[in-house]
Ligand code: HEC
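This document starts with one chain, in the form predicted on its own, laid out as structure tokens.
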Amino acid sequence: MNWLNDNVNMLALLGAAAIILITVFVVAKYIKQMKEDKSTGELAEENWDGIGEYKNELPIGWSLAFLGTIVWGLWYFLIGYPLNGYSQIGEYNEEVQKYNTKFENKWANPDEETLMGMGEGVFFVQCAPCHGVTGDGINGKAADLTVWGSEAAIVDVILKGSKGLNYPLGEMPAGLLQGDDAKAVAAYMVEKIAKLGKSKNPDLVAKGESLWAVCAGCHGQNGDGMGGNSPSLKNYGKPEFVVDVLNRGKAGNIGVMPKFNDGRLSDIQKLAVGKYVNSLSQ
């Protein structure tokens, strides 16, 4: 057979045969000793239920192996493989860093079409499993991104609250305003704070301005977030707001959206996702 002509296979077979023979010899030797040999020597003073223990010296082979292991361990950690030396994890991290640098340099100044394509690709991989391929939230299981940036979406947040962004002022409670009051504040925020366009109902805007103090306590009179203590509503409906959510994570109906500030997405990818999410609601 051809495999018998392979030197590597032959050596492996010879090694296996040698191991089997040595094992049989050692086992037979110790079985014979257990049957025929009798222990002799001085017993230790301690005993357990009448069972004593001989004062035997440590086997030389065991002692040498023990000391050798200690010496090898010290050599391995201090000289042979120092703590700051090569590691597969370190090599992987270096390769990832080089790739990320190359990626950022390549896409440092992408046009709008490129950003939209990049954002769509990232969205399908990272966001669609919870928000759905179309961003509709899969029947309320996650936030409906097709209405994000609208008055209706703001009303929904006012009624249900917002959790998990981890701002210093804490989470936004649900039900601070109800009914037409919530709609009025949403209209005022869209037109005057985020400046996303004219509201369809000017009367609601005027009413929302009078009620804005309920929101200004955390978001500030002009909605800037009071120096980072709460979300800046000036960015609502813009890619920058989405980027902030990606960096902070958010609590949702089906779990917690993870933070994407761990290197999984580059800054340009986050911006691309923000632009793509904006396109879903337009």
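Position 1 is the first residue in the sequence shown; the rest follow in order. Whichever C-alpha set is largest while still superposing within 1.5 Å between the two forms counts as the rigid core. No experiment lies behind these values; they were computed from the predicted model shown.
From this point on, the text means the form predicted in complex with the named molecule, which you will not see here.
Note on the partner interface in the predicted bound form: the residue among N222, N253, S63, T69 having a heavy atom within 4.5 angstroms of the named molecule is N253.
Looking at 95-103, 199-207, 70-78, 119-127, the stretch with residues near the named molecule in the predicted bound form, meaning non-hydrogen atoms within 4.5 angstroms, turns out to be 119-127. At the 4.5 Å threshold, heavy atoms of N166 reach the named molecule in the predicted bound form. Heavy atoms of S162 reach within 4.5 Å of the named molecule in the predicted bound form, making it an interface residue. Contact check for K192: every heavy atom lies farther than 4.5 Å from the named molecule in the predicted bound form. Although the partner is absent here, P173 sits close enough that one of its heavy atoms falls within 4.5 Å of the named molecule in the predicted bound form.
Residues W212, V214, C215, C218, H219, S230, P231, L233, Y236 of 206-240 are found to place at least one heavy atom within 4.5 Å of the named molecule in the predicted bound form.
With the core held fixed, N253 shows a CA shift of 2 Å or greater between the shown form and the other one.
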